[in-house]
Structures are given as structure tokens and as C-alpha cells.
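Given as C-alpha cells, the chain that follows is alone and in the form predicted alone.
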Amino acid sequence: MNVFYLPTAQLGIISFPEEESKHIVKVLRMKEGDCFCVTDGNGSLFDAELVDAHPKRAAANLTNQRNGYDIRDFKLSIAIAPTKLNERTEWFLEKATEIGIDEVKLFASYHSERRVANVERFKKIVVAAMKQSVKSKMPVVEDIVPFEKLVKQDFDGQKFIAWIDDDVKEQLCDLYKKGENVMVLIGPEGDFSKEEVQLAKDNGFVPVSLGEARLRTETAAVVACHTVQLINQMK
């Protein structure tokens, strides 16, 4: 079933903005009486019936408001240094949204090759992935901040920094506790500097390994995301 995003969704007759209206009427050629699903990105899904197939202000009747299957009792946050190639960061955002994530924090560190980001573009990637995977919650994507500022932000939960080092023996899957809020830091292509790791440790982050394989930044971020979700789905 087709899914559309409307942050102001509520029961009753609602109108879509022009971009979504065009997609509904011109691209998908939906007609009055056709049914689909609407997500508000804040935890609710609705059944919808198109009542006005106007290409600039389509309207639908929303019924059966319900919680999405992706409602969780824990918060998953991944902090990542954007990759040199934007499409790799976009790939991570798409896959993490499909797997399930609450928050993506972007940062610039010593070895970062990209220190600016098109956050609006990233948010569009997240919205598209949310709709494709029928999610009810849209992950928050925060703009780039310096690494030093990021690690000092308050976070109520477990905090880890993924670091490739011979002295790091413990793995994320062994230390993360099911049901706990968690933030995992993923470094840039050149990894974190020793000084950055020490600063993170001084602010409560625990160094962890994501396994024996050497992973790209975006792959490591997906592995961390999936590891947390898998642990929480185990009985």
C-alpha cells in the first residue's frame, strides 16, 4: 500500500501540500475513492481514502488512527561523521531508517573530510525511507557540530564510541543492555584520533568494537544500528 507523510495528520478530512498532492494525483494517478496510508512521523498511522483528486491540494478522509509497529521503549541515537561522498551518508540514513533509529547526530572531527552537510537533503532521504518501510516515526537528523561539543551533550543512556584499536576487546553486542537508551559514535574514514577517544571516555563514552571486519564509516553505522535493534528483538 502507498504511504504518504503528513506531519499535521489527524482524523477527518485533511489536505496535502502541493508536492504530495502532485505525487498522489499526477505520478500515481490515484482517483477519488482510492485508499492508502498516512504517517505523521510522530508515531501514528492512519487509513486514508482520497476524496478530492486535486493535483495541488488533494484531500483525504483519515480514519483508524493507530500506533506504528516501530514504537519503542528505548532511544537509539547514532552519531556519525559524514562521509566524503554524500551518497554513502545517504545510504546509511536510508538503511538506518528502514532498520529503525530515533536520532542521527552529525559531527566533524580531526580526520573528517566533510565538514558541511545538506541536512534538508538528508531529511528528504529519511522521509522517503520512512514511507517506503511504513514507519510511523521519522528520525531526527541534526546538523553538524564539532566533535568536542557533541561528546559533552547530555544523553540519558549508555554511550559508546566505536574504535579500531588492538586494546579494544569488548564488543557492542556484549556491553549494550537490552531496553536501554543508547548512543554510538561512528568516526570518519580516518577513524578517531587518540585524543578524541580520550575526550569521549572523559565524557562517559565506552570504547567498543563492532567485530573483526574493517568496516567503512557508513557500514559501521548500519552495523551498530542493527546490533542494537537485534538485541532488543531477542526474547
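Because the structure is predicted, anything quoted here is derived from the model rather than measured. When you see a residue number, it is the position in the sequence shown, counting from 1.
In what follows, reference is made to the form predicted together with another copy of the chain, a form of this protein that is not presented.
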property: Contact residue in the predicted bound form, from Ala117, Leu85, Val134, Val127 (heavy atom within 4.5 Å of another copy of the chain); result: Val134
property: Listed residue (Val140, Ile99, Val145, Ile164) with a non-hydrogen atom within 4.5 angstroms of another copy of the chain in the predicted bound form; result: Ile99
property: Exercise: Gly211 in contact with another copy of the chain in the predicted bound form, heavy atom 4.5 Å; result: yes
property: Thr219, heavy atom within 4.5 angstroms of another copy of the chain in the predicted bound form; result: yes
property: Partner proximity in the predicted bound form: Gln171 to another copy of the chain, non-hydrogen atom cutoff 4.5 Å; result: yes
property: 4.5 Å heavy atom contact, Ile24 and another copy of the chain in the predicted bound form; result: no
property: Contact segment among 73-81, 149-157, 109-117, 87-95, judged by heavy atoms lying within 4.5 Å of another copy of the chain in the predicted bound form; result: 87-95
property: Residues of 210-235 having any heavy atom within 4.5 Å of another copy of the chain in the predicted bound form, listed in sequence order; result: Leu210, Gly211, Glu212, Ala213, Arg214, Leu215, Arg216, Glu218, Thr219, Val223, His226, Thr227, Leu230, Ile231, Gln233, Met234, Lys235
